[in-house]
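Only one chain comes next, encoded as structure tokens, the form predicted alone.
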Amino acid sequence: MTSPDYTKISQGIVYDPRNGIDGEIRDIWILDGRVVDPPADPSVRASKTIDASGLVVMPGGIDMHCHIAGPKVNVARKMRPEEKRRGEQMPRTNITHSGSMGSVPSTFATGYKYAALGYTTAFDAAIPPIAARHAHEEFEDTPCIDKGFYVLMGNNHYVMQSLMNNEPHKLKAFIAWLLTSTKGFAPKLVNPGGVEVWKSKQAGNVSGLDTKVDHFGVTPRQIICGVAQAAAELALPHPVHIHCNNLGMPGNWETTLETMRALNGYRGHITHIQFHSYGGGNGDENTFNSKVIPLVEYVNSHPNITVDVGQVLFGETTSMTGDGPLGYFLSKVYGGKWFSSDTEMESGCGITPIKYRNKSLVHALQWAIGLEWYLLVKDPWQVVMSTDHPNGGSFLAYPQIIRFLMDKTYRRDVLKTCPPAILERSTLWEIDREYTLNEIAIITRAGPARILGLNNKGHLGAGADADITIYTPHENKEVMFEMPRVVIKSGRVLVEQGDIRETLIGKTLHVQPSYDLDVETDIQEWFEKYYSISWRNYPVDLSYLYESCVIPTRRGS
């Protein structure tokens, strides 16, 4: 009888927060792409053993908010040819395809670079439903990682119509139908109501949560609460994912606080919170300041709310967003190229190149505000590492962020290069907290998995996906995290010392919630009346997914 084909990671220093393991020396056994209990028979030997003595072992990283696929990403790639000319090029090998880098890497380069960084799962944060098929096609060209995406709903006409007519059952059914049809993962709100105002009025936007959207007569507050309640009743693994109104505007912290309150106790995830934590007003740089403290106090006392940061890093990047009015605003600030689009019935888009400078007081404050969020949230399970790639910076900057969090001297050295007024407008200099490796494992792995409802990811217990990263300890944590010793995906060694040894496509993670099928008749009538695409051609067939992985609802998990 043939013995099972085990792989064993031997005697690593394991950090697995979900299972309460904080730097313990352990063996990890892998079989058929999963972590398993050690064989009951001590005479059983592994077919392959990876000696991890003296090395740090963590679950594979999870980026729960980035922009790596879909029409906005492709437009951004076309908008930045200069980056392709002067940036790093990834040559083709007998294992890998060629790829281009810059702030918006090509599909192949995106997958390879995530894997080389120790990340094994990533979620695109803003896909218009009508473009879902395109996103899935790009996912099939993004190797080495599992993928999923959030579906834009905050300016969807059927959503607003259901709220206008006070038909919550239709809203709930529509959200479930939309997620199922697109093979998406969670509902995403971007500037709820504001993008629709922008599309109907030149340079328009909503001013706050109680501004009414023309024609529908609904407010951002109603959209936020209605979708949050529907997501809760559908028991989605991840709750409503919210890009608040007034992103980037001085004084927007009050809108952000009202957004948190508008959840009415339902679970909600506030994304790139750094961009929503600003004091000041009237566009005056002299009044711009951090308002993290009142917001973080609310988060610390409300466990229903989670956040990712959207950390700004100094340097050149590209802003791409489903927030059309924001894209227009940034184009006026930076005065360069700009793209805007109107996605019929569903959403919008704005793209422009940007450059963050440490000598700019506003940019330095944005950098400091992001770090304040990591350091002031008491429970690391409520905060997740992100750069809103590429909006605040590249995902390749994650090792540098880890160094900022684990080394207060380093972050203060960088703070000294910023305008002195930053010390009066943020609390970063005064914060002594330094993250532990266990806390880093939470905000980059275990926490995102819990928030997303991914029971098989973010941990190293029996039954988990064998997505594992092994690091060489180093005093400089940026050096430690920028080049893992070994990266394992689904039990296969993909990366060793930065070199790609093998590739795979990875699974597409999506949901399929149940709903009242009778509502489909109403959705179809509305759809055929207003859309330029036919009802039957809109849903994405499973054949577009290289490998489907349906994540169960929380009731069924």
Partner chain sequence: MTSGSTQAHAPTPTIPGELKVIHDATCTFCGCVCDDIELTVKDDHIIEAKRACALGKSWFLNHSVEDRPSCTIDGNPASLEQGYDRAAQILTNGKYPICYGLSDSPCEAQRVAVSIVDWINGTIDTTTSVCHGPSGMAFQGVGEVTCSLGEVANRGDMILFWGSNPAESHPRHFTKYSLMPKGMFLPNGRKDRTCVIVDVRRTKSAKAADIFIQIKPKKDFEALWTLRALAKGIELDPDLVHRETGVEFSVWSDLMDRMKACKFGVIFFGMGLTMTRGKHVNSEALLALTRDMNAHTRFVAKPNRGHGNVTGADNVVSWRTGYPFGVNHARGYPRFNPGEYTTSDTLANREADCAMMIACDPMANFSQPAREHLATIPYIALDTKETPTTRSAAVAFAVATYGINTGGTVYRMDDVPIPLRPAFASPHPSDYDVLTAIEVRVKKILGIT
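Model, not experiment: these values are computed from the prediction. Residue numbers count along the first chain shown, from 1.
The same protein also has a form predicted together with the partner chain, omitted here; what follows describes it.
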query	finding
Non-hydrogen atom contact Phe108 with the partner chain in the model of the complex at 4.5 angstroms	yes
Interface membership of His134, the partner chain in the model of the complex, 4.5 Å heavy atom rule	yes
Contact of Asn282 with the partner chain in the model of the complex (heavy atom, 4.5 Å)	no
4.5 Å heavy atom contact, Thr503 to the partner chain in the model of the complex	yes
4.5 Å heavy atom contact with the partner chain in the model of the complex for all of Gly33, Asn358 and Trp429	no
Partner-contacting position among Leu376, Val218, Ala232, Ile130 - heavy atom within 4.5 Å of the partner chain in the model of the complex	Ile130
Answer option from Met164, Val479, Ile293, Val75, heavy atom within 4.5 Å of the partner chain in the model of the complex	Val75
Interface stretch in the model of the complex with the partner chain - options 306-314, 430-438, 113-121, 78-86, non-hydrogen atom within 4.5 Å	78-86
Partner contacts in the model of the complex for 336-373 (non-hydrogen atom within 4.5 angstroms of the partner chain)	Gly336, Lys337, Trp338, Phe339, Ser340, Ser341, Asp342, Thr343, Glu344, Met345
